[in-house]
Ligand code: 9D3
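This document opens with one chain alone, in structure tokens, the form predicted alone.
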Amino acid sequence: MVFDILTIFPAMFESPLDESILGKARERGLIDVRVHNIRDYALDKHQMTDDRPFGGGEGMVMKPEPIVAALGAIKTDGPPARTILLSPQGRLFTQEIARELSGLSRIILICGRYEGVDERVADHFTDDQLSIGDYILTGGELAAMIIVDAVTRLIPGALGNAGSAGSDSFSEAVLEFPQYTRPQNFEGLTVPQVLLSGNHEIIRRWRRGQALLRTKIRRPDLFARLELSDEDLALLEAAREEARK
């Protein structure tokens, strides 16, 4: 899978792309991440990529010419791509969208900056706009890293354990159950006995109940989307009873 990233700060991507899952996926040839400097496509000797907004106002706006020129140059090299502008005005990036993008062969991510990107770029030269949350960053670079990471781990072979991606939080609208590891007793805090039982069915039921309870308490918006089975309702009640003790 190919990721093309358009940015005015390409050095921001050097370390994150070489580490952990992303670094290994690149080494194995599962992903190809190409970072393009928008300034290289500017039309003036000062490599200006922003200007003041028409109509007045604070801040600067990213100019259309360098971005569109960059798109024109990179789209000729490789398979067809979905072009995505990273913007606080985009649809909220979710695990469902990550799965959708993981089925593509190529994605182009445009990193906005300042007060945003000239609206003509968004309206006529992109296929989608995505936001990673209801807050403002200094630019789209961190959002691009998050999307590359979330999508890459869904590509077959990217994770050491093939089942890990399917059991993550948000694989359905349920947060992950509590996790524990050694030591069994840490400063008087012990691991729940059920996890030491060796009974996989009892452990499965406990984890499901804990996950449902955690989702109900921490993310009621997600919980409201669930269609609970009779077993789910019983496990949720059991988890509630345990929490009251």
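All residue numbers refer to positions in the sequence shown, first residue = 1. Worth saying up front: this structure is predicted, and the values here are computed from it rather than measured.
Form predicted in complex with this ligand: not shown, discussed below.
Asks: Looking at 152 to 160, 94 to 102, 67 to 75, 80 to 88, which stretch has residues with any non-hydrogen atom within 4.5 Å of this ligand in the predicted complex?
Replies: Among the candidates, contact is made by 80 to 88.
Asks: Ok, V174, A122, M145, I132: which has a heavy atom sitting within 4.5 Å of this ligand in the predicted complex?
Replies: Filtering the options by heavy-atom distance leaves I132.
Asks: Taking heavy atoms and a 4.5 Å cut-off, does E115 contact this ligand in the predicted complex?
Replies: Heavy-atom contact with this ligand at 4.5 Å: present for E115.
Asks: Is any part of 183 to 215 within 4.5 angstroms of this ligand in the predicted complex by a non-hydrogen atom, and which residues would that be?
Replies: Stretch hits: zero.
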